[in-house]
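Just the one chain here, the form predicted alone, laid out as structure tokens.
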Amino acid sequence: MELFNENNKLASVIHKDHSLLPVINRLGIKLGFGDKTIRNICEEKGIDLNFFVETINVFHYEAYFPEKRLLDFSVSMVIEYLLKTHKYYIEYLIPENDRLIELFLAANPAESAENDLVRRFYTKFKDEFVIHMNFEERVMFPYILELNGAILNPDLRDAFIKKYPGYSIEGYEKEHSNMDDKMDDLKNIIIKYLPPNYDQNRGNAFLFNLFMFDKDLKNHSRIEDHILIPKVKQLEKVLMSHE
């Protein structure tokens, strides 16, 4: 698959892969950019060009994941992007899923074991996913940003070590449950146990949205697991070497 580069017109990028629209929005760009290239737009918006190009390529092509290059980006830049992704999930994807599943189940109003199963699995996934994001935002991300600050400013190191005695990203990694498998379970339950005589259009709309969510979530997890956490482990080693 062809990868995008800084000289591509962004409009052409979207024509080739419209699923990149929410990714581009999270990177700070809205539609209406005419025939400008990625480089032109990034320069105008003050967006890191390399981070933009690498991110859209990661989402565009599953087999593309240049860990060495991605590890060059600062943890603050990565976390800023991840937080924008969380906001997109909370403000759009999850409410849209809620709306679509209710439309879907309302089309088959008679209570059934299948209806109950789909609703229970969806609610369980959503609740666990929100807990997962809240944990990252309340605990994991602040730890990482404070660690990064302690590396950049030696005057902050003693306060950081006192606040987080014996802590490491490995402890958070255990809490960083893999939501990908739970999303796969949810999709399988819906595909295999849809209520009899379900509304095909509404059922398909709900599933299409879940598959879009799934693709985004898997790339989100790859960035966390293969970029953010390895970078934090590097920072922790630097901190320990100065103790």
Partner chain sequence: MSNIPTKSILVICPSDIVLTGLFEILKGSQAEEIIQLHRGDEIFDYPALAGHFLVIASPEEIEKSSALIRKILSTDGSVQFMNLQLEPVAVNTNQAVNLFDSPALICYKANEIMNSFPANQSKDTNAELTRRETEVLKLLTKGYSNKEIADQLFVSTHTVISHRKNISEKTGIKSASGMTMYAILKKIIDVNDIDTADLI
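Positions refer to the first chain, counted from 1. Keep in mind that what you see is a predicted model, and the values were worked out from it rather than measured.
Note that the form predicted in complex with its partner chain isn't included here; everything after this is about it.
Participant: In the predicted bound form, do Tyr61, Lys182 and Lys192 all put a heavy atom within 4.5 Å of its partner chain?
Facilitator: Yes.
Participant: Given that the partner is absent here, does Phe33 sit within 4.5 Å of its partner chain in the predicted bound form, heavy atoms only?
Facilitator: No, Phe33 is distant from the partner.
Participant: Evaluate Glu114 for contact with its partner chain in the predicted bound form, applying a 4.5 angstroms cut-off between non-hydrogen atoms, and reply yes or no.
Facilitator: Yes - in the predicted bound form, heavy atoms of Glu114 and its partner chain come within 4.5 Å of each other.
Participant: Residue-level contact is defined here as any heavy atom of the residue lying within 4.5 Å of its partner chain in the predicted bound form; does His86 satisfy this criterion?
Facilitator: Residue-level check for His86: no, no contact with its partner chain.
Participant: So in the predicted bound form, does Val118 come within 4.5 Å of its partner chain, heavy atom to heavy atom?
Facilitator: So Val118 counts as contacting its partner chain.
Participant: Considering its partner chain in the predicted bound form, which of Lys124, Arg157, His132, Arg99 comes within 4.5 Å of it through any heavy atom?
Facilitator: Checking each option against its partner chain in the predicted bound form, the one that comes within 4.5 Å is Lys124.
Participant: Within 4.5 Å of its partner chain in the predicted bound form, heavy atoms considered, which of Lys215, Arg39, Arg69, Arg202?
Facilitator: The option sitting close enough to the partner is Arg69.
Participant: Choose one stretch from 202 to 210, 44 to 52, 184 to 192, 22 to 30: the one whose residues place a heavy atom within 4.5 angstroms of its partner chain in the predicted bound form.
Facilitator: It is 184 to 192 that comes within 4.5 Å of the partner.
Participant: Using a 4.5 Å cut-off on any heavy atom, which residues of 8 to 45 would contact its partner chain in the predicted bound form?
Facilitator: Not one residue comes within 4.5 Å of the partner.
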